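Given as structure tokens, the chain that follows is alone and in the form predicted alone.
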Amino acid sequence: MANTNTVMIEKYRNNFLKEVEANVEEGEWVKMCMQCGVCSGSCPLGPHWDHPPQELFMMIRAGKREAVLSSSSMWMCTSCYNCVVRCPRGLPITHIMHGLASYANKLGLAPKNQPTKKFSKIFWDNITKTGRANELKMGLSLYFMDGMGSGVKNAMANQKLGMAMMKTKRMNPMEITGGHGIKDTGGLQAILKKAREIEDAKLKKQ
């Protein structure tokens, strides 16, 4: 019986679990999940997940590396934090989801045509240039991310929303050429560069 328990413990402490703990934000919390399912029941997009959070955590513990990192599940997280608020054990589920998505993307294993993955890249590219979101550029990028035809349809369907945003000064047509930003964009770029260097160094050690 003792030998059986030892084997079970070693399977639980698999290499992929250690990999997640080392490379994913708050990844060390994965092993604390007790599989209650409150997270998926609290998620507004719960029915649309391929694998809800508690299932992803069990897959990590079972060593299902490729299935987890190629999944579209973590890209479904909208950061509503319902799961975090309601988790009986207080797991930082939202952070883990974004961490898994980021790690999968770095490894080139993330799904290619996931809409929320496209949104994440558009938002990141938008905000890292000036330190602030340019709503007009981001909106246009989102409308046209699947081509000219769908972009025109999206723009026409949302023209009332666009007009409302302009009236409340949430979107300025003049900002298409630049837009407002933080004072020290050079400092921001230096911070981002250093962060990339640290992350790249961590990946090379694996």
Partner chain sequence: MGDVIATNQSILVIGGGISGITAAIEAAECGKQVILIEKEPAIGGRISQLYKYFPKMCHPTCGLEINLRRIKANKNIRVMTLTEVTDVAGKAGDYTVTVKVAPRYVNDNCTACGECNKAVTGEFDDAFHLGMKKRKGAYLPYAMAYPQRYVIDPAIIGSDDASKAKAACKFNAVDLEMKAQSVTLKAGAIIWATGWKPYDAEKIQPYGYKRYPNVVTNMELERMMDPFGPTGGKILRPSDGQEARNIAFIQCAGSRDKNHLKHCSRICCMASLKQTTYLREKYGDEGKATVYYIDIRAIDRIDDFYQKVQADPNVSFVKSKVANITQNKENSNVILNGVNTEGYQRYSNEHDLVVLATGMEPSIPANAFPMKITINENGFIEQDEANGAIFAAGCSADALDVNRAVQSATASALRAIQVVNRVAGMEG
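Positions refer to the first chain, counted from 1. Just so it is clear, the structure is predicted and the values come from calculations on it, not from any experiment.
We do not show the form predicted in complex with the partner chain, though everything after this point is about it.
The candidate spot formed by S150, A155 and Q159 is out of contact with the partner chain in the model of the complex: none of the three has a heavy atom within 4.5 Å. Put simply, E55 is close to the partner chain in the model of the complex: some heavy atom of it is within 4.5 Å.
When the partner chain is considered in the model of the complex, G46 lines it closely, a heavy atom lying within 4.5 Å.
Remark: M138 does not count among the residues lining the partner chain in the model of the complex, judged by a heavy atom distance of 4.5 Å or less. At a distance threshold of 4.5 angstroms between non-hydrogen atoms, N172 is out of contact with the partner chain in the model of the complex. Contact with the partner chain, judged by heavy atoms within 4.5 Å in the model of the complex, is confined among 89 to 97, 72 to 80, 114 to 122, 128 to 136 to 89 to 97.
Contacts with the partner chain in the model of the complex, taken as any heavy atom within 4.5 Å, map to no residue of 137 to 162.
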